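Below are two forms of the same protein chain, given as structure tokens: structure 1, then structure 2.
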Structure 1
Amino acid sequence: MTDTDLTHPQQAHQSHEAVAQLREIALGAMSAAAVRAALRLGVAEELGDTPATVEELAQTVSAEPRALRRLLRALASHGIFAEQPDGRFAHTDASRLLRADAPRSLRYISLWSTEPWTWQAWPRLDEAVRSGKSVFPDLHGKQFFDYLHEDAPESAEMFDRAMSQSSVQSAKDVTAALDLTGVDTVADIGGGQGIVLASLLERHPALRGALLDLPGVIATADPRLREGGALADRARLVPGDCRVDIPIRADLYLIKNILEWDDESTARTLRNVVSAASPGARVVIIENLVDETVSMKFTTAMDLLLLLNVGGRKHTKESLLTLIDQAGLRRGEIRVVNPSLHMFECTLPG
């Protein structure tokens, strides 16, 4: 027997771990599909605080009991639901996040991330990596958002719900982290329905704000901001495209999770902010980073999804700072908002 025939126990252990890790990743589509199936069946909603048998759950969600047990067992191996010694299933912290009424629910984000178009796009990731461009036009003959609104209205609705859900959860963190000392007016650029802006106005009774987004988005803005809403007298709704023009003067410009397009569109948006702002105005950019974050598995996955659907990307700290410098903004403090968001404080020189 030669030395090459001998395998160190630690190497064998590492090899087994590597096999298990790669095998789990390669079968990751199963995990995503299992989460989607549980959501569409309504298992998390039907399972209460008391553990239930598979037969009881199967009856309430109209499923075949043996198949449902297989689904729940697969999810339980990932900590989503837990199988009790007597065979009943109970909620875990993770499975409760599938409920719509959970404080930090991931229901709509999980559904959005597993919409039918995703299963068509992911297998073509190698093409996107070779070209550096979206595969969507080749798949569907049109751009991503055109496809959503024209051909997949249910998916478009799920996107809106997912974005609203994400905004509700992050709005509290952003509102708590943002220092508005000396700020009288804030402009939320590309702020969607304005959930963050509404939260800021509620927290600061003397603050006034403006929300800029596409006309269709502005039309469905947070009811608190629309005419007759509790905050309407301090809010201005501005339909427009921040990549074209920003016709708003404010003390602080808030840019959250929209610098994800191609670099030219991102640079153009920042230049438009600089053109609109007065010297000394603050610009606060809030983004998911693909480095220096504890949420890298999430942010890097979203980064690849952006490449597939719109040809965009999430930023590293340095790539975002480079764009900030190129726009002519003065760098300030970089702070962690929550495990997946970083806040870049900038000012307009002068």
Structure 2
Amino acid sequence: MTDTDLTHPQQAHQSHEAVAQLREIALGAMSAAAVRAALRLGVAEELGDTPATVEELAQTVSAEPRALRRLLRALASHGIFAEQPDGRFAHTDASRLLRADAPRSLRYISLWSTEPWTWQAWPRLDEAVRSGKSVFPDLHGKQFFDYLHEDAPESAEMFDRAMSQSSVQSAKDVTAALDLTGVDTVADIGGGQGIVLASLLERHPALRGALLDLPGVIATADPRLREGGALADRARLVPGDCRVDIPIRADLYLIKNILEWDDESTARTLRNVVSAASPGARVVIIENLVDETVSMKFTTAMDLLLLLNVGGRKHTKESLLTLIDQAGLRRGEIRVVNPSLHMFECTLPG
């Protein structure tokens, strides 16, 4: 008698499901690669509202038809594009998100998540888990952002576009959630290309603002904030490193999705905010929280990617509050900005 003979039908079914699940996960790199290939080929952009044959698509995206069919079939098994009974392919809600013109487009975020550096870093996850540190110094002899800006300018550009794309929706939510009563000046620290700051300045015509980020990012700031832009006379662009110095005096410091690197960098950044700000200034920290996430698979994946690239992490409510306390900031209210973002109101003690 074999082990299988002893297995209850219910257990056998569960074990088939477990085998299928683990096989799919172990081959998960294919899914990411297939999304990237579809993006680089431009399939989602070329496929309109009318379903198309593989041959038609292959011609427009310059691909070999049989190989393209295999790519589309693999993606369709995940609900990205759908094969119709007549063999033509149509868009699905998920495949439309790969288009740059989709209302909640994930085009640049999908490209960023599958950039060449990610394929070098993921195989070293076991090393990162052993050491608890980024693999970048070992892989490239430098820190992640230095590598991006010095050695991989296309990836740096993709990163900035991805951050700006994800900021477009969250900027509306942050602008709606943030009470700026009595605030004359706001500083967005690590504010990327300034989508959130521009949105705040547009909503509050008397507000003035400063945007601090790395020099390469500031150079490509939102045109509304740059010289000649509609908001330029109320915006100051500050290229710099917030771990070294924050040379900005403001009533409110906004720190959104940057306290995700190693704790020492977070501590230094918060200390620099504390040194720059006057007593009573507000410090508003906005983050996705692992313990309040709407998608554990997405947040835990980002958490591990942050471990690999910057030795960082996604926080829990408690871990962030600990860092806030250590910086000497006074905790205030914690509010929901949208289903995936929480806002921690803090003040500099008087």
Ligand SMILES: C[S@@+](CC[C@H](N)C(=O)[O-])C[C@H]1O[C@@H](n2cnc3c(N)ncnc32)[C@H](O)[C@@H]1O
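Since this is a predicted model, take the numbers as computed values, not measurements. Sequence positions of structure 1, starting at 1, serve as the residue numbers. Under this definition, the rigid core comprises the largest set of C-alpha atoms superposing within 1.5 Å between the forms.
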property: Chain form predicted in complex with the ligand, by structure number; result: 2
property: Tyr147: Cα shift of 2 Å or greater between the two structures (core-aligned); result: yes
property: Threshold 2 Å Cα movement between the two structures at Ser278, rigid core reference; result: yes
property: Large Cα move at Pro215 between the two structures, threshold 2 Å, rigid core; result: yes
property: Cα displacement of Pro339 between the two structures, core-superposed (Å); result: 3.2
